[in-house]
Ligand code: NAD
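The chain below stands alone and is given in structure tokens; this is the form predicted alone.
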């Protein structure tokens, strides 16, 4: 079986894929040429699997996304061609949940500002006073694997956790499910964990931000397009949004105007970038390839 891996992959994860015994082509110079006789295409977030690309791959049996979201894959085109689409939904759950909570802590305590100011030789102890998470309300928009685990970790820090998610929902002893407007009104920190689709694109916009508490913190480790960048810029600049912490962007690498603001904090899409998560991704991809070989 020929497997083409088109995007960057952790060396340990790539080794797991090679251990299947498949012929593995890693980051070919010409993807179209490489998939011409490939049976499996493995992608991360960079490669766009379009109808045009699929037309160049007549033997393709499956597209496997090393990660959670599938928005870079034309699933309708895959269905028409009889190409299976799979991902690795559980592999990066803990890594992304830890990052989301880490961003909430860092933003609440001004850790990023404190670090940069000291690198500049400053001692801004008074101006960098922050707030504690304990006793605050943590709002989850999207309560799947990652959102639920993030909420569980926030609960263990003494936060009240509220979540918005259409049924079906995970049964949870620590989270209260509420309507979206109620979450906007009451959450001190809002963390986004929804997939990108027509219902979630720009769901954080001028109207929804106007319903939020004054001084809310927004965390996004899901997809950049969920937030209307212009609306977030205005809200952060006015102070309506006290701070935002972003790991994902509409265009990556990100070079947009939010970089101008000192109350918006950035990480370069590292949600799943842990050694442990990458190895789990490799294991799940390898397991799927083996099932296709049977």
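All values reported here derive from a predicted model rather than from experimental measurement. Residue numbers count along the first chain shown, from 1.
In what follows, reference is made to the form predicted together with nicotinamide-adenine-dinucleotide, a form of this protein that is not presented.
Undergrad: Contact with nicotinamide-adenine-dinucleotide in the model of the complex for residue 218, defined as at least one heavy atom pair within 4.5 Å: yes or no?
TA: Flag for residue 218 set to no.
Undergrad: When the contact criterion is heavy atoms within 4.5 Å, does residue 244 count as touching nicotinamide-adenine-dinucleotide in the model of the complex?
TA: Output for residue 244 is no: heavy atoms all beyond 4.5 Å of nicotinamide-adenine-dinucleotide.
Undergrad: Using a 4.5 Å heavy atom cut-off, state whether residue 236 contacts nicotinamide-adenine-dinucleotide in the model of the complex.
TA: No, residue 236 sits far enough from nicotinamide-adenine-dinucleotide in the model of the complex that none of its heavy atoms falls within 4.5 Å.
Undergrad: Using 4.5 Å between non-hydrogen atoms, is residue 68 touching nicotinamide-adenine-dinucleotide in the model of the complex?
TA: Contact with nicotinamide-adenine-dinucleotide, yes.
Undergrad: Considering nicotinamide-adenine-dinucleotide in the model of the complex, which of 96, 212, 104, 204 comes within 4.5 Å of it through any heavy atom?
TA: Spelling it out, the residue with a heavy atom inside the cut-off is 96.
Undergrad: Go through 162, 194, 73, 159 and name the one with a heavy atom inside 4.5 Å of nicotinamide-adenine-dinucleotide in the model of the complex.
TA: Checking each option against nicotinamide-adenine-dinucleotide in the model of the complex, the one that comes within 4.5 Å is 194.
Undergrad: Want to guess which of 181-189, 116-124, 219-227, 78-86 is within 4.5 Å of nicotinamide-adenine-dinucleotide in the model of the complex, heavy atoms only?
TA: Partner-contacting stretch among the options: 219-227.
Undergrad: Could you run down 124-153 and flag each residue that has a heavy atom within 4.5 Å of nicotinamide-adenine-dinucleotide in the model of the complex?
TA: Counting only heavy atoms within 4.5 Å of nicotinamide-adenine-dinucleotide in the model of the complex, the contacting residues of 124-153 are 141, 142, 143, 144, 145, 146, 147.
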